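Given as structure tokens, the chain that follows is alone and in the form predicted alone.
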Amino acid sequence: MKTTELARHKRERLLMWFQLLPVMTVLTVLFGGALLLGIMQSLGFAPWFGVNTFPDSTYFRALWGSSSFWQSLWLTLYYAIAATVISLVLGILLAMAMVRTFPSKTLYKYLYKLPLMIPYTVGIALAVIMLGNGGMLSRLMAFGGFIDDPAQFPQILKTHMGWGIIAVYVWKQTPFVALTIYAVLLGVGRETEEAAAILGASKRQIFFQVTFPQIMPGIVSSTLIIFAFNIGAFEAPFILGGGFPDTLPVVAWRFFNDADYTLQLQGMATVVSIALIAGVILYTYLAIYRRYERRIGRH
């Protein structure tokens, strides 16, 4: 009986892989081929430009040996980490609010999802309209008598502090984090929290010892996605950033748009560097999470 079920299970798995084979082949050729070509270009393979010194680490050495690269890397990581952390905190608070009953909860559950349906470029335009000097917020402050003129409003956009960039990321990504963690909270229910409260645990103890371990899978999955997006994002830093030093995606874009077309290889080295750095950070993050899971007895 068991042998028959095992054989049937193997046939079903083989059939599943056979059905996925066409899609997997296309994805492997398109994305795997593009990735391989990008790595080869960063190592000097570009015969269409009259350059073919493969394998050549000159472009990486020139990039990593520049102080501006490390300034751009710091700026890129600062925007990515700050936006991810703020979105995570706000997302957890939103998710925990939604599992409770309150008036107009149904309307609220639709309203908080609105940023998910709006493109990042629209969010950037809203940031310019709302937060710029001469924007709606500065004019409201002047109208309310808090400042004498809209030009006196603090500079939020076009600075390396990146408040405008971070605001756009947080506005867009907080609902995504909240939705992910809310789904986890619905799955685990509130019975464990209620039992802990009956046993005399404080709200702080309930959150850190009961709720937090339960929502960790949602936290990890959502922060992996938004951090990976933030570290490679181009539009918001390009439009709302403070100029030199730029974030690494903007640096890569400038290389690709330089009149000297051979600098595209330097741009590709920048893109590969972004992928390597993001990969190392995300791998380390996942390794720490797996260690945490083993420590609390989950595998």
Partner chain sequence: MANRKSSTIALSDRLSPFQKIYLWLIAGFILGPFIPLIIQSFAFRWAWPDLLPGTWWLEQREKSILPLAWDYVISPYSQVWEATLNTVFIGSVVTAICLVICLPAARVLARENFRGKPAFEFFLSMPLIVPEAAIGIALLMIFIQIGLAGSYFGIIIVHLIPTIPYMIRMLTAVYQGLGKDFEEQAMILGASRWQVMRMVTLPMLLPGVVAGALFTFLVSTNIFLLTFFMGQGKIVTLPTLLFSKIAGGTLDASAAGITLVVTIPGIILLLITERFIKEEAFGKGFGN
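Just so we're clear, the structure is a prediction, and the values are computed from it rather than from any experiment. Basically, rigid core = biggest C-alpha set you can superpose within 1.5 Å across the two forms. Positions refer to the first chain, counted from 1.
Below, we refer to the form predicted in complex with the partner chain, which is not included among the displayed structures.
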Report the residue, out of V188, I81, M161, V99, that has at least one non-hydrogen atom within 4.5 angstroms of the partner chain in the model of the complex. V99
Of Q155, Q71, S221, Q209, the one that lies within 4.5 Å of the partner chain in the model of the complex (heavy atoms): S221
Distance check, G232 to the partner chain in the model of the complex, heavy atom within 4.5 Å: yes
Does any heavy atom of S67 come within 4.5 Å of a heavy atom of the partner chain in the model of the complex? no
Applying a 4.5 Å heavy atom distance criterion, does Q266 contact the partner chain in the model of the complex? no
Could you confirm whether F238 comes within 4.5 Å of the partner chain in the model of the complex, counting heavy atoms only? yes
Only counting heavy atoms and a 4.5 Å limit, does any residue of 250-284 reach the partner chain in the model of the complex, and if so which ones? A252, W253, F256, Q264, M268, V271, I274, A275, A278, L282
Any CA movement of 2 Å or more for R291 between the shown form and the other one, core superposed? no
Rigid core superposed: V280 CA moves 2 Å or more between the shown form and the other one: no
